[in-house]
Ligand code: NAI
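Quick setup: one chain, the form predicted on its own, written in structure tokens, and binding and motion questions come after.
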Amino acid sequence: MHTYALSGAASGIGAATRSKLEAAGHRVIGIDLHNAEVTGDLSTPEGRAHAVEATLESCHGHLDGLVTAAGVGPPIRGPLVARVNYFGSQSLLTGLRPALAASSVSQVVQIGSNSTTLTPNIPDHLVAAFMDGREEEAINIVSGIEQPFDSAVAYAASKTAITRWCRRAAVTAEWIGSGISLNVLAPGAVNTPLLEGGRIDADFGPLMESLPIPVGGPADPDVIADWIVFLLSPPARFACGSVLFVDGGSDAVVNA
């Protein structure tokens, strides 16, 4: 039996992943705003610190894996998207790294997004502010973007930044040198509450419906959860700093 920490465990991809890991006999420490072993608000420094401390206490300083799946997106306003999607994930990754290093072999999956390659004109200075840890500057930049597009820009920029952070960290002594494999799974449209919130929005609904998905439509959360479970499995140990697009072909249509 392995012990995994999982943010965003109460719904969507996180809940589906939890179900599969527990069905395989593993222990899951869920992190979410509610219905989880660790409740914490990843949009605030205090909430992030509490989530890390409570998770470390629950796992007794030893984790075999981590899945950072918590995230929000359009039509939620950009500042909250920025705080949760980048700073929330990055805080868990760095804060729980010592517990992951305590395992002889541990694996981490960060949920990214195909928005990193599908969204045009992502501001470089916003991505840099994320990666430099300049949270309030990043929030100020997002706040200056015309609504409602602040939400879409914050989403794509935050996912771009956390993806780059993971790729750079993955190959370092602190991560793979300590026996921790770190990879990014980049889904496209998935039938989750996040997607439904965008679909019913007057501004973002038409944009989402226009996105080409060559396989025919959005994925169910169970499908993405199966890919996450694979990235936590022994064959995936050879992946290091990889970004795996599982989006039904949307990225290929736009960028191939």
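Computed from a prediction, not measured in an experiment: that's the story for all the values here. Sequential numbering from 1, following the sequence displayed.
Unshown form predicted together with the ligand; subsequent notes refer to it.
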{"item": "Heavy atom contact within 4.5 Å of the ligand in the predicted bound form, the stretch among 163-171, 110-118, 93-101, 123-131", "value": "110-118"}
{"item": "In the predicted bound form, the one of L194, V52, V229, I29 near the ligand [non-hydrogen atom within 4.5 angstroms]", "value": "L194"}
{"item": "4.5 Å heavy atom contact, P187 to the ligand in the predicted bound form", "value": "yes"}
{"item": "The ligand contact in the predicted bound form: G78, any heavy atom under 4.5 Å", "value": "no"}
{"item": "is_contact(G12, the ligand) in the predicted bound form, heavy atom dist at most 4.5 Å", "value": "yes"}
{"item": "is_contact(H34, the ligand) in the predicted bound form, heavy atom dist at most 4.5 Å", "value": "yes"}
{"item": "G65, W175 and S242 all contacting the ligand in the predicted bound form, non-hydrogen atom within 4.5 Å", "value": "no"}
{"item": "Residues within stretch 39-73 having a non-hydrogen atom within 4.5 Å of the ligand in the predicted bound form", "value": "G40, D41, L42, S43, A69, A70, G71, V72"}
